[in-house]
Each structure stands twice: as structure tokens, then as C-alpha cells.
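Take a look at this one chain, the form predicted alone, written out in C-alpha cells.
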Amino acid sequence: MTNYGLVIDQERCIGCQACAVSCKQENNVPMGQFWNRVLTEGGDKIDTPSGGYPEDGGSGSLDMEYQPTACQHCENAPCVKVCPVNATYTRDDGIVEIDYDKCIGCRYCMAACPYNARVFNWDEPEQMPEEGTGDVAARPQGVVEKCTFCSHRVDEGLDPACVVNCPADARIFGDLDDEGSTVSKYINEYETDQLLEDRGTNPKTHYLSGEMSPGRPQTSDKMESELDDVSPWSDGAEDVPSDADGSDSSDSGGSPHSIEGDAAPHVPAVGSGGDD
């Protein structure tokens, strides 16, 4: 059975907020709300580093690290358990969703979520532009909303918007129950952590840190399963950078996923079908 999950390589994350902005646009998230946030570790405010500036000829201790955070789509989701009207539920593919027609705005789910991943529409939602954005209908006042892993895109065979639009290829989405999927191989290959593991929620978002991975291998708008002609994982042959630093030892002149010189990873424009 399909069980969708996400790996976020925090060594590749550059804190650009592209995931947060693309999520907001794709999902028609109202003004003042965010489903997807990139927190700065250490500092008091966004993009405030930890540590201190160099003094007296020293090297200083400034450090900037990011903590991307959204709904973790927990296997043992407390939000599902506490919802008195079954508005929050887990789909067969593991995505935790909200039935906005059932939501009564009690906010029990917000209190139960240890990740502060949900937002509540206290007022009539305002969109900019007024007609809204993306391919998702606006939610009404008085309901809770959150990340859906872009389930409307997943249903069309597309990766979530935050994955496709990450310029650093730091996000890998796929089926955790498929041992051959890239997301599963990353979890097996690298040491990953889940947020608040001691809570027993078993989040489906895994964070990779301490060692930079090759990153998302497909710079495409399609999910891995849709790319029959591309191997999702390579030992260095052609499709993905063979080394953790993203270098490619082949002399093929650059595969679609290789990075030459100082070139930044490039995400091509989304093609037709399922997106805008």
C-alpha cells in the first residue's frame, strides 16, 4: 500500500522560503497564514544567526541553520484521534487531510498537534489577488487548515509544490512503503531524524542533517513513479550525482541531474497538465 512521506535535507536547505511561498500560492493560503514555514535555528527572528560576530581578529561563531516545518502527516496522528467529528482523517495513501465541510472549528486538533502545524481562520480569509491563487478552493472562516502534501497534485501524479520549487533540491517526496523509491533509499542510506520522536507520533517527514545528500534527483514536475526512463537512484552511472557532494565522475557532459562547476541546481518551468 502506498504510504507517502518526505525527506528534507537540511544541509541543502538555504532558507530561501521558496517552499513556503510556493505552498501558499499553490494552496490558496489566505493572507497572514502559512502552512509551510522555514524557521531559523538559534536566532530570535527569521534569518537571525546564532553565535557571535568576529571580535579582536577572531573567527567568530556565527551559524545559520534552518528548520523547515509543516504538517508531519504522522502515522499515529493525534489530530485524527481528538477530532470529535472525524473531520481530520488519514487517507489510504497516508496523507492526513481535513474535510472542511465537517470541521466545526473546535481547534482540538491544534491543541493536540505537537508541531504547531495548523492554522485557524478566525476571520473571513483574504486572498491576494482576491480571486485566489493555485488550484485549491479557499477554505471558509471558522475552520482549521494545514499542509496536505499538495494531495490535489499527488492525485495527478505530481510532486508537492514545495518539492518541485525547491531551488536547492532539498526535498524528496515519495512512497515510504516502496523500498525502491528514492525517499526510502535516502532514509536507508543516510541518518535521518523525525521531529519530537519521543511523542510516538511517527511523523512521515524525515530530516537529513550532518551529511549533504545528492538532493532530489528529478528536476521535473512529475513524481518519481512517472519517470520510467530515469533511475531514481544511481551508483554513479548517469542519472543522479554519484557522490554526496553532487559531483559526477562521468564525462558525459552533464546528465539532467548533474551540476557543473558553480552552476546552481535548476528547476525547469512546470509544464502543462495539473498545474495552473
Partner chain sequence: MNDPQQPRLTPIDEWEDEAAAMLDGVEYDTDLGLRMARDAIRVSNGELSDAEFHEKYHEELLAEFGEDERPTKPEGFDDD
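These numbers were taken from a predicted model, which means no experiment stands behind them. Positions refer to the first chain, counted from 1.
There is another form of the same protein, the form predicted together with its partner chain; it is not shown, and what comes next is about it.
Enquirer: Let me test this: is every residue among T69, N86 and W122 within 4.5 Å of its partner chain in the predicted complex, going by heavy atom positions?
Expert: Every residue of the spot touches its partner chain in the predicted complex.
Enquirer: Answer with yes or no whether D198 is in contact with its partner chain in the predicted complex, where contact means some heavy atom within 4.5 Å.
Expert: So D198 counts as contacting its partner chain.
Enquirer: Heavy atoms within 4.5 Å of its partner chain in the predicted complex: does A117 have any?
Expert: Answer yes; at least one heavy atom of A117 falls within 4.5 Å of its partner chain in the predicted complex.
Enquirer: Answer with yes or no whether Y108 is in contact with its partner chain in the predicted complex, where contact means some heavy atom within 4.5 Å.
Expert: Yes - in the predicted complex, heavy atoms of Y108 and its partner chain come within 4.5 Å of each other.
Enquirer: I'd like to check something about V80: if you look in the predicted complex, is any of its heavy atoms closer than or equal to 4.5 Å to a heavy atom of its partner chain?
Expert: Contact with its partner chain, yes.
Enquirer: Any idea which of 174-182, 156-164, 72-80, 125-133 reaches within 4.5 Å of its partner chain in the predicted complex, heavy atoms considered?
Expert: Selected stretch: 72-80.
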